[in-house]
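First, one chain by itself in structure tokens, the form predicted on its own.
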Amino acid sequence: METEKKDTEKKEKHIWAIAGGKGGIGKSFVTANLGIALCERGKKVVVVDLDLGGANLHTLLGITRPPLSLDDFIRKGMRSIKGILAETGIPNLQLIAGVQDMLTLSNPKPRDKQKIIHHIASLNADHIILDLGTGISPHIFDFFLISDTGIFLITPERTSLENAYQFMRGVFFHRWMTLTTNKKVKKLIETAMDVNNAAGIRTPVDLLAHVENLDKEAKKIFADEANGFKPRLIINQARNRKEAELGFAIRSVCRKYFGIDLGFLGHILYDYNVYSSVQRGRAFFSDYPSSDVAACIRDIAAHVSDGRSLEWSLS
């Protein structure tokens, strides 16, 4: 009976990773307030600040300085990550604070990274939301790939779209690199990682075509992995209907060039009060629970909670 209970808990837990490849797009804001919105729906939530070296998730939850962080977990050799769980003052919402010192864990050692990954997976919650760091690097890809579902956060500007594209491309290639022992295939993936490579490999679909000539079994493994990769998308800081519906266009592009099913979770409207709440170190939901932004996030929380995504344009 005890085993059955544990298995049930394991099946109900869902790990989400929020990434974008670019700073200043609101990953921490969305992580914090999506967590609050899920708690409003009666879920137990843990938010984890994995922006190693630039942590600020605690600030967006109104916490001036968390008592313990991932730095304590790693450097003090703590046996369980549960020892650094911090209460947020919001019912059912707990925080694992990140590292604020750029020189400590901004580029974690493999054993430290694996320890963090292993212990995050052991947390007891309905939803665990990972706030990932900025940039395109292997350790960020690894944190993204431990999630059950990755969420790409994009703002309606060209640089954000380009960075999200590069991040998505990097995730694919990084994952495929770990799935093969064929040295020629690995070399090809390394070549493909250069966006201006002479082989003309621009997308995962291009790479699959080249891999097939080297190793048909590897190509099959890569294709199966791509079919199982079903990330989600949120448009943040949308100022009008066209920007709000941008997710549908991006989803179509991903199907065409990446061969993946990118689910659109919804949009969050632009509101100057978001900036104000961040500057005051307050949880947005605490000050503006009836705002349009809060309504947008509640809609996204409903899709996250129910495992759905938007299929049609906004009415």
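So that there is no doubt, residue numbering starts at 1 and follows the sequence shown. Fair warning: this is a prediction, and the values are worked out from it, not measured in the lab.
Not pictured, yet referred to below: the form predicted together with a small molecule.
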| query | finding |
| --- | --- |
| The small molecule in the predicted bound form: contacted by all of Ile36, Ser147 and Ser305, heavy atom 4.5 Å | no |
| Heavy atom within 4.5 Å of the small molecule in the predicted bound form - residue from Asp271, Glu40, Asp261, Asp287 | Asp271 |
| Ile63, Leu68, Ile250, Val278 - the one with a heavy atom within 4.5 Å of the small molecule in the predicted bound form | Val278 |
| Contact segment among 195-203, 82-90, 234-242, 118-126, judged by heavy atoms lying within 4.5 Å of the small molecule in the predicted bound form | 234-242 |
| Touches the small molecule in the predicted bound form: Ser160 (any heavy atom, 4.5 Å) | no |
| Exercise: Ala17 in contact with the small molecule in the predicted bound form, heavy atom 4.5 Å | no |
| Distance check, Thr180 to the small molecule in the predicted bound form, heavy atom within 4.5 Å | no |
| 4.5 Å heavy atom contact, Gln94 and the small molecule in the predicted bound form | no |
